[in-house]
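Quick setup: one chain, the form predicted on its own, written in structure tokens, and binding and motion questions come after.
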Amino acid sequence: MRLALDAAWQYQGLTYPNPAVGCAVVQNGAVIAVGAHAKAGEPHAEVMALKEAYMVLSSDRGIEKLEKSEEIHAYLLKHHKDIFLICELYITLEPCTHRGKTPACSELIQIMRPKKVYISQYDPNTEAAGGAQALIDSGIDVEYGLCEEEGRALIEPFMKWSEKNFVFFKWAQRLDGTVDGGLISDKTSRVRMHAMRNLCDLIVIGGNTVRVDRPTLDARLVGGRAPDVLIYSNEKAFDPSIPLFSVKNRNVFVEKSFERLDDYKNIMIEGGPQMFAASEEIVDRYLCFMAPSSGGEVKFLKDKKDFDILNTQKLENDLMIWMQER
């Protein structure tokens, strides 16, 4: 289950409005496949894991190039030949029961008939919930609650934006904690951040950062959209030639409160120490990109803070660390 959780965390921030989900397939105690949901509209974690497991268990590679969920479902239904009967599935979230952009995973699993399915969390979305009971009703052994706390931490962003909104604070720093002196993160980290921006409704940034860094705050590295921007500032005056103001189809607000966040669902805050302090009461999670370097002068955290690390992923050179304040 922890392998499935870790696979899902690789895509945290990239699946909106869907939750991040992972799945592992085990046969005779050996993990033979791990899959994760990478993007809304693309195959769910169970489908990706079963596709990989099918290639491991059979000599058939016809499924390898299939990318659409409907195609993978259809191929497995036609060719599975009961090869999953002695397998176990470990899924971070109960399989969905509704047909949306992709077919229902619970229906596929019922036909594949693994001998047991372990589920970390029930689906809080009533439209998609009920997959666990559907499996039980079809005669499949289901166990709920494995790594339950970790599973809840994984889907908390989904639960937050489903109810009101999810707010995360992002920053990049070096090993010595410094944040000044130009680019810190490598290109892989910057591409990841642009992919997250592409799915955000709103970016919040401090007025001083806007004046000093003169950012664009778009998702150009992934050819994505530019979300709306809230500049948190007591002063309304800004140089209109700062790039973020010239992005088409974007709303830019300059306000001295965070009330505007109530109009948005998936919200990223970017900034330095002052913005960190100003936004502590509204932030749900923290995301730090840590570069294996040193040499700056300005440290991001000046006061003592304690965090619980939820997940750490190594990108090309940097570490991507999801945290919550203790």
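Predicted, not measured: the structure shown is a model, and the values here were computed from it. The numbering used is simple: start at 1 and walk along the sequence shown.
Omitted here: the form predicted together with a further copy of the same chain. The next part is about that form.
- Proximity to a further copy of the same chain in the predicted complex, taken as a non-hydrogen atom within 4.5 angstroms, holds for one residue of Val212, Leu175, Ala74, Leu85, which is Leu175.
- Taking the partner from elsewhere, Ile32 is found to have a heavy atom lying within 4.5 Å of a further copy of the same chain in the predicted complex.
- Taking non-hydrogen atoms only, Gly296 approaches a further copy of the same chain to within 4.5 angstroms in the predicted complex.
- Using a 4.5 angstroms limit between non-hydrogen atoms, Met323 touches a further copy of the same chain in the predicted complex.
- The closest non-hydrogen atom of Trp161 lies beyond 4.5 Å of a further copy of the same chain in the predicted complex.
- Annotated contact segment (heavy atom within 4.5 Å of a further copy of the same chain in the predicted complex): 296-304, selected among 40-48, 64-72, 258-266, 296-304.
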